[in-house]
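The chain below stands alone, shown as structure tokens; this is the form predicted on its own.
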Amino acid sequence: MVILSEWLAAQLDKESAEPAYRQLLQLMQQAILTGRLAPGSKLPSSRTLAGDLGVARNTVLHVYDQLSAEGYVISTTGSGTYVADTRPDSAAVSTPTPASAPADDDDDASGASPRGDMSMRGQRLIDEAGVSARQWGAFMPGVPDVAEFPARTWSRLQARLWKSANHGLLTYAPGGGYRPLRRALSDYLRVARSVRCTPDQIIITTGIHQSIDLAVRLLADVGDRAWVEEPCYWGARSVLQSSGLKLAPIPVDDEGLNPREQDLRDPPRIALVTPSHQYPLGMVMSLARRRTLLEYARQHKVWIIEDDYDSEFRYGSRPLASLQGLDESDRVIYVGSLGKLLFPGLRIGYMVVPERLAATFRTGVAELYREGQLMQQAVLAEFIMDGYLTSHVRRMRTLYGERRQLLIDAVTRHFGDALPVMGDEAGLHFVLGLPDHADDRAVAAAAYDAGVIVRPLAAYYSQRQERKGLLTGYACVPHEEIEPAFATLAQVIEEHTFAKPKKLRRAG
């Protein structure tokens, strides 16, 4: 432990503008990832390490808490803190690629056929569409409370820019987007999500759908294989299928993506994952699984698309670091959106690409989509640089945390522990588990007729449904409406799963 303390003391730069907490966290992560701290090694006590380094004990405590949250260490009460074994599974990452993969005779497993003017893939897209006719209200998952957006601040910034009459903001966007916004996002992502990037690596898009579409068009060909989580977000699945990729659903467990031996034998071209908050189930991909996936991608030239859609909203701990921040081989395409942080109608997203691909993606986005919205991008850049984004996210995290707890309390009052709440540690929704015999599609349809919006978990599976449940959002529901709206939902659930029908009372 003396050697560790001496090494950390030599690396810490107390004159740096980078806080000691962040420096110490990054150094200890590096020591664990490189093997300087071997699995099973016991870390010094927070008091001892703080004394050796000449920093506050709270600094070390916060570092240990974050290392524990991200899976680098394991803390045992009364025993101490030990380095976790996060080494990639050698059997998984060394699986050889076969010289030739057998052809799949069943190219269209859905059995769809052309109808009228529709293509087969177009008809499949429409048949399997998950979009809802209503996008607001209890308990629509994934939707922020736009009523809480600081519209006056946004309006003031926008008016100032319009007053300057900068004609350059009224034309098409340059490849990659408005540079001041890319610079502001680069700084924000480095601090908030541990993303390693320069402004040149950021490509501004209209959202996660377009980011995925662009990545697939530039990095994959029709017929290429793509891993998707099972279950996964229906919108991302639709984008991949419509691009002509052959989807391979990969099961998830409590540690995230869990490819089977047969999956590993046939490496994909693309792997789409939600490691910081799996959608829809909510688990976090463990550090060991992250490292295994990154090593597998390096060996087999797999492109990983990391969809980081809402992990700023984490309750009870700091937001977890991105997968991209661990990537040493430049195989991760990081995509995100401002829609859930601000308001969905903004339609501004971003992607972070490896430096060697930045010019290619800038050309691609300009060639395919002829981007605009420069005025909106300029307003957003001012909003971020003036500190409004950080303060807004902080305020909304508190608000959503309160609503989350109110909804969990309502579940407990109505059902006790009969219905589990899953994936509630982060984001804007959780999954309300239903009994195995329940038909979650029927429950969701009946709830919709009663004025409550939930999504059936069945809609996110492409193969056999492993769990029954309802995606239940809380972010856009005012505090006082949560209990009465859930009472309506509870009555629907009881009618379909537990008891004889009762007369329904429409929500609202």
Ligand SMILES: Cc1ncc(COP(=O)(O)O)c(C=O)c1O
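In case it trips you up, residue 1 is the first one in the sequence shown, and so on. From a predicted model like this one, the values you see are computed outputs, not experimental measurements.
Just so it is clear, the following notes concern the form predicted in complex with this ligand, a form of the same protein that is not shown.
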item: Proximity to this ligand in the predicted complex (heavy atom, within 4.5 Å), stretch among 303-311, 370-378, 213-221, 404-412; value: 303-311
item: Proximity to this ligand in the predicted complex, single hit among Tyr400, Tyr296, Phe383, Tyr233 (heavy atom within 4.5 Å); value: Tyr233
item: Candidate from Pro259, Gly364, Pro88, Gly207 lying within 4.5 Å of this ligand in the predicted complex - any heavy atom; value: Gly207
item: Site check Tyr279, Ser337 and Arg347: each within 4.5 Å of this ligand in the predicted complex by heavy atom; value: yes
